[in-house]
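As structure tokens, one chain now follows by itself in the form predicted on its own.
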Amino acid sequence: MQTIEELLEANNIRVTAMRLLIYKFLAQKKVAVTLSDIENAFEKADRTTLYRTIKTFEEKAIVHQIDDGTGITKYALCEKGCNCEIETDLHLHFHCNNCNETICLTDHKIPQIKVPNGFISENVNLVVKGICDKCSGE
């Protein structure tokens, strides 16, 4: 099993205490988090450092960005082997209208979508909205 340090180094990310803490924070979450969630968890940390860390993680496919339609960008760790490529790594997201949590459903892959000639896909985002299993009691 690869350590966090090894994962960061393998992605040419310099290992720092803050990067390790943010990675561990994201790993503990079962739901996608906002930048505000991260800021609240690390109140004493510089906001710019937190933002740059998330952006670095996103550029290196450590996290992916989720637009769940709420107008607030959320982030979640990519699963092992993910390169955030449209052809192979897209999965479903579920946004609960009750608790407002957004969950990656990585076992539910989005089928490859062919666009007409001349069109270039840059991003695909599929969010199902409804009531999550915690809120529905099931």
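All residue numbers are counted from 1 along the displayed sequence. Treat the numbers as computed from the prediction; the structure is a model and nothing was measured. Between two forms, the rigid core is the largest collection of C-alphas that superpose within 1.5 Å.
In what follows, reference is made to the form predicted in complex with another copy of the chain, a form of this protein that is not presented.
Taken together, the three residues 97, 126 and 132 all come within 4.5 Å of another copy of the chain in the predicted complex, as judged by their closest heavy atom. Residues with any non-hydrogen atom within 4.5 angstroms of another copy of the chain in the predicted complex fall in just one of 50-58, 103-111, 22-30, 36-44: 103-111. With a 4.5 Å cutoff on heavy atoms, residue 92 counts as touching another copy of the chain in the predicted complex. Proximity of residue 16 to another copy of the chain in the predicted complex falls outside the 4.5 Å heavy atom cutoff. Under a 4.5 angstroms non-hydrogen atom cutoff, another copy of the chain in the predicted complex has residue 136 among its neighbouring residues. In the predicted complex, another copy of the chain stays beyond 4.5 Å of every heavy atom belonging to residue 12. Applying a 4.5 Å heavy atom cutoff to another copy of the chain in the predicted complex picks out 103, 105, 108, 111, 113, 114, 115, 116, 117, 118, 119, 120, 121, 122 from 101-122, in order along the sequence. Residue 111 is among the residues whose C-alpha shifts by 2 Å or more between the shown form and the other one once the rigid core is aligned.
Once both forms are fitted on their rigid core, the CA atom of residue 121 lies 2 Å or more apart between the shown form and the other one.
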